[in-house]
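Take a look at this one chain, the form predicted alone, written out in structure tokens.
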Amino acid sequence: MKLVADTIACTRGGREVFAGLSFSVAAGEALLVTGRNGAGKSSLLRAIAGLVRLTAGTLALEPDGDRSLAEQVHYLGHHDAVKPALSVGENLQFWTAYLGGNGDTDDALAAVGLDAIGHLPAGTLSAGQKRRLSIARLVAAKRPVWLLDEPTASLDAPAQSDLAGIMDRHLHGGGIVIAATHADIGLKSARSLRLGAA
């Protein structure tokens, strides 16, 4: 499996965000997308996820399968998409079903350290706990490509370490991680792609 971007370009709000961008990421590899604010990191992840239209070039997951690229990615953006009135566990069950997963949500909550509070309303969670709940979706609904936009935002040091372990296990299982970040996220063997001017 390999994600291939061939001379892709993106325009948002009448401004060219990036153009002529080519790269590939194979199974078991991680790519860190870096650059200044406004360089197009989030736009790139959203384009791979199928949420933003490219103005040129192609994106493909090779070999082609029965599912589209968008159906094979997890996109973890800036917003955690948590419904406050539902419990922590109910939120994860909803997203797992929506994303076509059949994983054990209890195991996913345990992986991010939220298993003891799965019964609580999600509206009571701190920002870091909401982020961990979003990360639990990665574990509960299996998809090969993870697109992570500032994944360590709001996470304390132990939760960052847990996330690094979760990403390592995904990579060792043949998955792909593409993360837009300004900080070290604990992936020592990751390659880097810098967007925008140096």
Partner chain sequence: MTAFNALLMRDIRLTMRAGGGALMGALFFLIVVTLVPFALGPDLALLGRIGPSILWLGALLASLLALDRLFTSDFEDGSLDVLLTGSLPLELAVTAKALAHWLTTGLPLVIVAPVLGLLLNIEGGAMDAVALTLLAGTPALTFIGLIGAALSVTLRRGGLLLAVLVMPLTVPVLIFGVSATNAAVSGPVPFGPPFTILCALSLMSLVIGPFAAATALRQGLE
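The shown structure was predicted, so the numbers you read here are calculated from the model rather than taken from an experiment. Residue numbers count along the first chain shown, from 1.
The protein also exists as the form predicted together with its partner chain; that form is not presented, and the subsequent description refers to it.
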Complete contact of D80, K83 and W95 with its partner chain in the predicted complex (any heavy atom, 4.5 Å) | yes
For R36, is any heavy atom within 4.5 Å of its partner chain in the predicted complex, or not?
-> no
Tell me, yes or no, whether H182 is in contact with its partner chain in the predicted complex, where a contact means a heavy atom of each within 4.5 Å.
-> no
Partner proximity in the predicted complex: R53 to its partner chain, non-hydrogen atom cutoff 4.5 Å = yes
Does at least one non-hydrogen atom of L109 fall within 4.5 angstroms of its partner chain in the predicted complex?
-> no
Candidate stretches 136-144, 56-64, 168-176, 23-31 - the one whose heavy atoms come within 4.5 Å of its partner chain in the predicted complex = 136-144
